[in-house]
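Form predicted alone, single chain, as structure tokens, below.
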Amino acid sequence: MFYKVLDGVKIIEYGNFISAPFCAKILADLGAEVIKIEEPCCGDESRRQAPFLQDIPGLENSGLFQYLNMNKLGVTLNPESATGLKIFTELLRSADVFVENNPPKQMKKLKLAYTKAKKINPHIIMTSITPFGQTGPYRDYESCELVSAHIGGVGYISMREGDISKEPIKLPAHLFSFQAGLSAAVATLSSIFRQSTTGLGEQLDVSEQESVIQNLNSSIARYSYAGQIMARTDAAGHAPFHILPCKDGFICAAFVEEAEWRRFVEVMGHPEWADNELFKDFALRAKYWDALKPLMVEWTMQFTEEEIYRRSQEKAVPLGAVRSAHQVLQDKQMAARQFFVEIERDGSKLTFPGVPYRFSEIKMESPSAAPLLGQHNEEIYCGRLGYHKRDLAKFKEASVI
């Protein structure tokens, strides 16, 4: 864990891949005890996702799984069996929160839907993350990151520079699954506070589609207020609002106000072309960007990211370096704040992002590595639920655990 803010809060996670595991990770990082339940045969889907330690695929080698599941306890369990469901029920009885991201039909079939969960434990908070929510005509539709990005409207506006005749694209990686997990964690924290004051539980219905739409910037407002539909374009509406190359990488020049451009002109030493009528305001600079860009690049290519960044900071120009992963890991600001943490796994030290906050009056604790598949079966099933080791052997033989 990192901080014991939620010390004493007990969470059962029956999640897969990113959204539910990330939600539970945020709570585990705050000190809650999270018991992660995985399928006995193959575990969480993220165990099979690259990157892998030493580029060797394996259930214990996924970097994604390691990041999403640090600070958790891990057990294997098959709730489709009668014995597995009985054990699952026993775990829920002593839990404060139940986090899951399974299809509503599946949870109903398993007899683990909220109507059943609250009978098992009226106090429990059940955080359910699904692609479209627990209600509505889409509730039972299957989805993935690609579908969420486009049905949420992000793909329609996701190209700025390039060939606008090509199909829309989604943003990289699994941004929206992480966003849904973050939204779920915020709601769960609020519900934990309510639970602590009233003793009441509830179901939190989190929609990944709604999480995507919530982060559409101004596109919804533009249509609502002005009937304007934002679309992909190969030219920004004002300039500079672009990424430009420099001596050792790239910089991002995103000037919203005219005064910012004028200050950057001073940073460049006030070249003669900056006073050209074609570049006198942001709209004209955008219109004639093809002419302006090479003039700016001629200057930027003379300097490093750091040199341009420092000169710009001195003039209060909002310009930043475009950092690679390597540069982020080496960043002196991150080092000063001790943001990155090291986890030991099979003799190797793995580096992961820490938490983006600090508590002034609470000591930061060292994180623990993600659990091996079924690592804590004996601790949880024998130490807490009262089963014997011989029971575990029988459960394993019957594919219950």
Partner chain sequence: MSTPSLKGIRVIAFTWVWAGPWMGGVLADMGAEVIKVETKQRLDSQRVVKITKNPEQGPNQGQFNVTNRGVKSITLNLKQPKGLEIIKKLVKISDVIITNFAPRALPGWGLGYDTLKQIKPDIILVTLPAFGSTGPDKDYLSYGSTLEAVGGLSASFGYPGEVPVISGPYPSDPIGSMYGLVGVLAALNYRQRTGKGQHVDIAQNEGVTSLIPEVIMEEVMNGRTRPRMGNRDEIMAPHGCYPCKGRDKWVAIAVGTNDKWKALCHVMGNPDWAKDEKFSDQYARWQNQDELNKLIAGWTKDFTHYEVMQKLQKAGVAAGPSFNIEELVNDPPVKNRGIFIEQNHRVAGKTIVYRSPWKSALTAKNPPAPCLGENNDYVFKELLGINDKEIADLIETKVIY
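If you're wondering where the values come from, they're calculated on a predicted model, not measured in any experiment. Numbering follows the first chain given and starts at 1.
From this point on, the text means the form predicted together with the partner chain, which you will not see here.
Enquirer: Any chance all of Gly63, Ser143 and Ile229 sit within 4.5 Å of the partner chain in the model of the complex, going by non-hydrogen atoms?
Expert: Heavy-atom distance to the partner chain in the model of the complex: all three under 4.5 Å.
Enquirer: Even though the partner chain is not shown here, does Gly74 get within 4.5 Å of it in the model of the complex, heavy atoms only?
Expert: No, Gly74 stays farther than 4.5 Å from the partner chain in the model of the complex.
Enquirer: Considering only heavy atoms, tell me if Ala316 and the partner chain come within 4.5 Å of each other in the model of the complex.
Expert: Contact with the partner chain, yes.
Enquirer: Check whether Arg48 has any heavy atom within 4.5 Å of a heavy atom of the partner chain in the model of the complex, and answer yes or no.
Expert: Flag for Arg48 set to yes.
Enquirer: Can you check whether Pro172 is within 4.5 Å of the partner chain in the model of the complex, heavy atom basis?
Expert: So Pro172 counts as contacting the partner chain.
Enquirer: Scan Ala291, Ala283, Val297, Val256 and let me know which has any heavy atom within 4.5 Å of the partner chain in the model of the complex.
Expert: The residue from Ala291, Ala283, Val297, Val256 that makes the contact is Val256.
Enquirer: Using a 4.5 Å heavy atom cut-off, which of 89-97, 264-272, 239-247, 105-113 contacts the partner chain in the model of the complex?
Expert: The contacting stretch here is 239-247.
Enquirer: Just to make sure I understand: among 342-374, which residues lie within 4.5 Å of the partner chain in the model of the complex, judging by heavy atoms?
Expert: Heavy-atom contacts to the partner chain in the model of the complex: Leu350, Thr351, Phe352, Pro353, Gly354, Val355, Pro356, Tyr357, Arg358, Phe359, Ser360, Glu361, Ile362.
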